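Read the single chain below, which is given as structure tokens and is the form predicted on its own.
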């Protein structure tokens, strides 16, 4: 209960729970489309945008968001056209963005350790303004997904049939990529660039070990994600550990335990 009396911990808990819900919802589509590597590419590309923001003296989150969306849409475009294999295009953009980040860090006079917070995250620096932005974006994003859920799911399962059925598959394809890109930037403050993709992959990967129906998967993923964020914040506070790394480690540990326990139990 002591945690609830500290203002910056209140911000961390509220912001972490909102982000857990948003990323769990996106995790459903990421797993259905096998976009795990795309989220890794986008999260690392964000670093380049953040560094450019520092160099120009602009809001790192704003520049990082624009950069992440541009990279995400470019990855999607290349993947759609099929001129270059998706993995190769992600690898190229991933490397280029990280290289740009390092270059602009070097060129930034008197840059400080705040930039490294973006690499590994620090949820304790979350402010009320961050929470408001996160809440508004989450409501808009989840609202869009809720209204168009059946069409988006149709596109995920069979994009060609969805297109023949009259669904604007390109619109939903790029819309989800844009939402994922912006969500990645918002997740940076919680777990950092390096670990942001894990929070988009593990929730549904965990739930999928238990259930097959998407509604049960989604509910379980959201519940699991909220518990992992709260547990990670508590453990990091209690033992003076980095919050982002603790949260992701807890995600991975529980998933690994479930994975192996499930395989030890005889089928039938």
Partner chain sequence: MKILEVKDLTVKIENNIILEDVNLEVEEGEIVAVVGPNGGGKTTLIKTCLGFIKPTKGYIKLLGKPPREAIKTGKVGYLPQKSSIPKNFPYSVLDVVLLGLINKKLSKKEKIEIALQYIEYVGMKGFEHAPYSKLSGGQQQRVSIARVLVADPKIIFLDEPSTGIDVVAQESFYDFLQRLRKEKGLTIIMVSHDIGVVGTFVDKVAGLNRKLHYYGDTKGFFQKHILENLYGSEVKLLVHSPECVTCEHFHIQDLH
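Residue numbers count along the first chain shown, from 1. What you see is a predicted model; the values in this text were computed from it and never measured.
Although not depicted, the form predicted together with the partner chain is the subject of the following passage.
- Only one of 32, 226, 70, 235 lies close to the partner chain in the predicted complex, with a heavy atom inside 4.5 Å, and it is 32.
- For the candidate set 106, 127, 95, 165, a heavy atom within 4.5 Å of the partner chain in the predicted complex is found for exactly one residue, namely 165.
- You can rule out all but one of 37 to 45, 227 to 235, 206 to 214, 54 to 62: in the predicted complex, only 206 to 214 has residues with a heavy atom within 4.5 Å of the partner chain.
- Heavy atoms of residue 156 reach within 4.5 Å of the partner chain in the predicted complex, making it an interface residue.
- The partner chain in the predicted complex comes within 4.5 Å of a heavy atom belonging to residue 161.
- Contact between residue 151 and the partner chain in the predicted complex is found at the 4.5 Å heavy atom cutoff.
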